[in-house]
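The form predicted alone is given below as one chain in structure tokens.
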């Protein structure tokens, strides 16, 4: 595969990841999962360490731990009725500690801050497929997600299985985190889910506009940050988040001006 093709594949995957992050992040902000969103991404760290130790692809270990962590959070939340943020915080703390123990050196830095490197054909294919599934889920379930946010009782009387919907959303969230690990790392992926959505919430007057603005901010930040990282030979994660953060602070000035 030529260098041009590899670059185009990486760009396509990063854009699709950003679209998924903008959509999933919008509902995370509305569900007040801002802290949980950042914490859940850290669950991937021990999976990356285990995969490296077993000489497997790091993404395999990261996704496995993300989905296991998501199922654990959902199960504990439903059985104990403890808030999602609390359960996620506990799982995150343990995962970060374990990940720090079993991962070291340059591998740890790449895992924490992101390093796209050379994406393989299967990574690109799986990433594009997962992105499409996440986007399709949000498009199909967005009205049910909004109703469940307004009132669990109304959702239940409308025939919405809130437990199943919550699990599906959390799995979509975990999948989106997995998509962005190569670009932002476990420390910063949560930021791309939250900052564009927080920016959109300040500027938008309705759900559709919020989703559109969130996606736009996430895509632009990812493209600009990745380009700057390539020019400066730096990790892509911090630069992507810096671009997203700039958009957020500009939105503050815009609202004051309005």
Partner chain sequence: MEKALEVEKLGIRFGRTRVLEGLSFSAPSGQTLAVIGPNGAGKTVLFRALVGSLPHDGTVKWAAGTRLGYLPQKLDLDRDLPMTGADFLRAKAAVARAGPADVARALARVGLDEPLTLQPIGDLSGGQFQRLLLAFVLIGDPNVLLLDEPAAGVDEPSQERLYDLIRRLQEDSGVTVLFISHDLSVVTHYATHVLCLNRGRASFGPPRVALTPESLTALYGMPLRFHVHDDPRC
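Residue numbers count along the first chain shown, from 1. The structure presented is a predicted model; accordingly, all values stated were derived computationally and were not measured.
The same protein has a further form, the form predicted in complex with its partner chain, not shown here; the description that follows concerns it.
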**Contacting member of 136, 129, 150, 121, with respect to its partner chain in the model of the complex [4.5 Å, heavy atom]** = 150
**Asked** From the list 216, 204, 60, 230, which entry has a heavy atom within 4.5 Å of its partner chain in the model of the complex?
**Response** 204
**Request:** Using the partner position in the model of the complex, report whether residue 143 sits within 4.5 Å of its partner chain, counting heavy atoms only.
**Result:** yes
**Message:** Residue-level question: is residue 30 within 4.5 Å of its partner chain in the model of the complex, judged on heavy atoms?
**Reply:** yes
**Asked** Applying a 4.5 Å heavy atom distance criterion, does residue 210 contact its partner chain in the model of the complex?
**Response** yes
**Message:** Whether residue 75 contacts its partner chain in the model of the complex should be assessed with a 4.5 Å heavy atom distance threshold; does it?
**Reply:** no
**Message:** Given a 4.5 Å cut-off on heavy atoms, tell me which of 176-184, 67-75, 156-164, 121-129 is the interface stretch with its partner chain in the model of the complex.
**Reply:** 156-164
